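To begin, one chain is listed below as structure tokens, in the form predicted alone.
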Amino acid sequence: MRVLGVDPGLTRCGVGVVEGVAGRPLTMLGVGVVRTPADAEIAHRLVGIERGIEEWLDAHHPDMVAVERVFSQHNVRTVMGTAQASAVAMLCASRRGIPVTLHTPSEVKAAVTGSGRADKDQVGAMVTRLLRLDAPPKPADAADALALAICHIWRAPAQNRLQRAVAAHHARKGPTA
């Protein structure tokens, strides 16, 4: 499975591609950041993010796109920009028929480090170790994008089993009134 992880942001949108299956060594195929100028109009920044995501999709042909689920922070402006960048990534993938999955920051941290409260340095260190890299990807947005892809690869088999079980349960139960 090849997964494009996206850590959404207006100024720095982290992107990383990881290939592999759960239980086997994973391989990083690419990592980077789509940048937009902080002083540009929001519409132009979103177009810049779209172009960057499209380039990553063209270059790597992922099977899935894993995007960090936007959560409420104290700064509403930051949340809005992050949500807008997230929507652009989801739109780009959906336009191509590529499935999109959202993961919360704590899910990603727990999957990669074992603790949902891990800090950026711990995530970067584990991404470096898991992908057998020489150094943590910089900036942290790039490492976070790789962590999202790793999280998805590791969680996908369990999520698929759960979805099949729910579907089977509903099929047995029949239509509800």
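Numbering starts at 1 and follows the sequence shown. Quantities reported herein were computed from a predicted structural model and do not represent experimental measurements.
This next part talks about the form predicted in complex with a further copy of the same chain, which is not shown.
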{"item": "a further copy of the same chain in the predicted complex: contacted by all of 42, 87 and 95, heavy atom 4.5 Å", "value": "yes"}
{"item": "Contact segment among 143 to 151, 126 to 134, 105 to 113, 63 to 71, judged by heavy atoms lying within 4.5 Å of a further copy of the same chain in the predicted complex", "value": "63 to 71"}
{"item": "In the predicted complex, residue 46 touching a further copy of the same chain (heavy atom, 4.5 Å)", "value": "yes"}
